[in-house]
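Below you'll find only one chain, the form predicted alone, shown as structure tokens.
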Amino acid sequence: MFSSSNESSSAPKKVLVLGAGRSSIYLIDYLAKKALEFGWQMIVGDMALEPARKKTEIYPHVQAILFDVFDQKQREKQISQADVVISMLPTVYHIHVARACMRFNKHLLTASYVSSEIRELNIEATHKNLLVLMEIGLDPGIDHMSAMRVINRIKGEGGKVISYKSYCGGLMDRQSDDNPWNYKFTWNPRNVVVAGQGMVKYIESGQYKYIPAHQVFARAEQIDVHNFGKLEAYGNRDSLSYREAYGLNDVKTMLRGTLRPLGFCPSWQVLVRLGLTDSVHRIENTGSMTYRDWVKTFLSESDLPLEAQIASYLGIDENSEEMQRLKWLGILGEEQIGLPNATPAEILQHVLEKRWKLSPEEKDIIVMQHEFEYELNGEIKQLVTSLIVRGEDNFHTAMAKTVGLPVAVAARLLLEGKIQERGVQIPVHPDIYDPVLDELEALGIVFEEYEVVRQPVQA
């Protein structure tokens, strides 16, 4: 029984969506249609009214509002009147929403990682019979659900997983690929710019492995994605944090990585080595500084031309692909930065948002691949499952589809009383991932898989 609302069971269910950014269009469309079908009420709020209006204008039964997450009175009023709250706001704001949900006994769903602050709400949420479902987007989200379905199937057949690798990336459709980086932004630009700034931790053949932050992109590997081709992959910060959740505490190899086009990682490593991805230190007078002068501040004095000095410092050829990509960004030119006292990462993001912007007709693509090795009946087998989703345009992106639809489907299941898990959870439970994955398949998000027998197990 759905019992989080203080209103009578005959009152229409209410869903509150907070955040109408680039990943919310499919979520809003899906829930707006379900709200019409089931007679639910739906409100979409955003810190800027126009995005909420634009995404709801074809649905007269959905209300768009200006929502200020820092306005406690408004925040508590809107949340207190809902049954299910979905937060698509920036990650740092989820805790404000979560605390209000606890106060007013409301379920909460987000696509973001579980923060330590929200994890501390687990006991309260469980006691109040509430679900705080996190990591129900793409990565994290679809990766958890698709992996758990395979892992539990292998275990159900009597097998034992000995190696698990998972990769995911938002890329450009080849027909929309028109720059030497072969990449454009399809999600939060800041997350791309500051990626790889922490130490990578994983396990390989039973040995813990660590990659320091300054070497993350230098140690990227190539992988072959089923029915797609070769890509580069760099390691995520902590590949081991899900061993317990996945039931893989004794797994010998576990690695989670992010996919990028060939050539991207060594070129990004150039930016790292120059210091241009630093997100901590602010540089004085950047408002009146040119990009070329900015880059010079990271190098010692030299009589060499800047391009030659950079190549010499990095130990690469001045005509290398890395240098060509660096020049293409425009950061060796005389254009004025125009950002006062900014961090290097802020300046780099400012550049990239102009250079890596999707034009209206351009399409993105989502690629995910899981690689399992497991022992079954005296054989070691390999199973590969892969997902490829293509966007429609720069508004209906593959990123928005794969991030937003899992959240929306889970919210629908919760409103219908079909999810019984409570507390702070991620979608590793069959009563969550089975129906969500089934619905996603009906919506065109479908994994392919193939399996091969590798070798007999040695006695």
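This one's a predicted model, so the numbers in the text were calculated from it and none came from an experiment. Counting begins at 1, following the sequence as shown.
Keep in mind that the form predicted in complex with another copy of the chain is not shown, yet the notes after this line are about it.
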Counting only non-hydrogen atoms, which stretch in 114-122, 294-302, 133-141, 226-234 is within 4.5 Å of another copy of the chain in the model of the complex? 294-302
Residues I43, Y59 and I95 all lining another copy of the chain in the model of the complex, heavy atom within 4.5 Å: no
Just checking whether Q215 would be counted as a contact of another copy of the chain in the model of the complex - the rule being heavy atoms within 4.5 angstroms. yes
Taking heavy atoms only, is D173 within 4.5 angstroms of another copy of the chain in the model of the complex? no
Just checking whether H350 would be counted as a contact of another copy of the chain in the model of the complex - the rule being heavy atoms within 4.5 angstroms. no
Is there a heavy atom of R190 no more than 4.5 Å from a heavy atom of another copy of the chain in the model of the complex? no
Contacting member of K327, R149, K209, K128, with respect to another copy of the chain in the model of the complex [4.5 Å, heavy atom]: K209
By the heavy atom within 4.5 Å rule, which residue out of N249, N285, S359, Q336 makes contact with another copy of the chain in the model of the complex? N285
Along 273-287, which positions have a non-hydrogen atom within 4.5 Å of another copy of the chain in the model of the complex? R273, L274, G275, D278, H281, R282, I283, E284, N285
